[in-house]
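Read the single chain below, which is given as structure tokens and is the form predicted on its own.
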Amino acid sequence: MNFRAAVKALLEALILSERIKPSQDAKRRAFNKYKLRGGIERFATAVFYSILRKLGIIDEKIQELTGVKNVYLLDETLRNALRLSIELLRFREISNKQKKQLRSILAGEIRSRSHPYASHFFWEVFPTLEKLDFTPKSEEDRLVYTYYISRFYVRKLMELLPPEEVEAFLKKINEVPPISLRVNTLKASVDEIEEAIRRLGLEVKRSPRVETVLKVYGSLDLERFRPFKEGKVFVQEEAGAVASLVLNPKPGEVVVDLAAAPGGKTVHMGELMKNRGKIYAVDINEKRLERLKELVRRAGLSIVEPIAIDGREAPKVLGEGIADRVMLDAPCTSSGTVQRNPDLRWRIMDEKDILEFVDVQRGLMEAGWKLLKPGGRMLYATCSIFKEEDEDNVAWFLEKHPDARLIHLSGPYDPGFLEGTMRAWPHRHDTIGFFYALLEKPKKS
């Protein structure tokens, strides 16, 4: 095994992963540079993802070791050399020869990439890394160390759920999820797609709540799966599909999808509308809108008009009172999607990480309300589990707009913490965490 190449590739991958998302793109670039193949590539891949899963608890130890309040105050090469060393020394079995190589290689990399003082510090502290104590000292420690998620996330979860459900939630988001596909009934039947998947030797189950959603267990290469290329199926979580069903757009209506990209709900609504009417797909991110356009093309829809603007400006561009329905799946912390997006485990670290989204969410709610015709309906939804982004925003909106009617949602998921709202939970419903509130604008008297 070329241990030297693996160490250099891993260090570079960790450094790049702080700048490039998703992290697998950073890994691919670094591993290709050092030509990792076969067994050494498998070893390095396991180490890379193991570090990302443990990132928060490893960084806590680095902060204790160095005395800095934030690990990101350290030089990036030193920071990631320490992360890699802790993983290999504390959580992997490597030989004494490899330990010496590791110290030498990383000290040299730090010296060449940053400063001799940083290299000297690493050399001196290296022997202590193997002795770092990761023994839990509290229930919070146990949950953080067992399920690899930020302390802040655990604390917020403890506020939302009883103790036995906290653990069930954390267990669930550490499982490998199935691939979730929604069938485009404009082009195919559920039976047809189900049979195509079974012919590949894969297990497939129908969602108990959304008849067009299939959950596939095993490795499905979507790029080689003909129904996917033909727009007969799209990747979409059950909870995301429920959002379009709750809003329930009808053929011939005008719909604004206010934070539309990458387009899963846009194409689903177009299907529900039988490709009759109009959907304005608004998003500020032009690159993500290109993905939406591709989904729309594959879906065979002609009623979608993509618009690259900040959704808060949509009433000025489209006019007020033009929409029968507004879909607002708002930008959020995505805290309900950790099972699908492991990088989020350590990204949500404190209250400000939530509050920076709240102003945007409330601005979009106001814009959506202006877009609605009298009697029209707006679905406010997020893939967050945090009350601040969910029930608190709806309560704020209802206080500001006392004439707004909150339509009571009674299924297919559980009641939210505000009467009439609804929540999907990973451990209860086997889908991502999701929140729903359906608001109706009063008709003119």
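Note that residue numbering begins at 1 and tracks the sequence as displayed. From a predicted model like this one, the values you see are computed outputs, not experimental measurements.
In what follows, reference is made to the form predicted in complex with ligand SAM, a form of this protein that is not presented.
- In terms of contact with ligand SAM in the predicted complex, the residue from Leu170, Leu82, Leu214, Leu258 that brings a heavy atom within 4.5 Å is Leu258.
- Think of it this way: in the predicted complex, ligand SAM has a heavy atom of just one of Glu238, Glu271, Asp329, Glu109 within 4.5 Å, and the residue is Asp329.
- Among heavy atoms of Asp283, some come within 4.5 Å of ligand SAM in the predicted complex.
- Contact annotation: Pro249 falls outside 4.5 Å of ligand SAM in the predicted complex, judged by heavy atom distances.
- For the chain shown alone, Met158 is not a contact residue for ligand SAM in the predicted complex, no non-hydrogen atom being within 4.5 angstroms.
- Contact annotation for Gly336: none of its heavy atoms lies within 4.5 Å of ligand SAM in the predicted complex.
- Each of Lys265, Ile309 and Leu364 comes within 4.5 Å of ligand SAM in the predicted complex, counting any heavy atom.
- From the list 356-364, 183-191, 340-348, 197-205, the contact stretch for ligand SAM in the predicted complex under a 4.5 Å heavy atom rule is 356-364.
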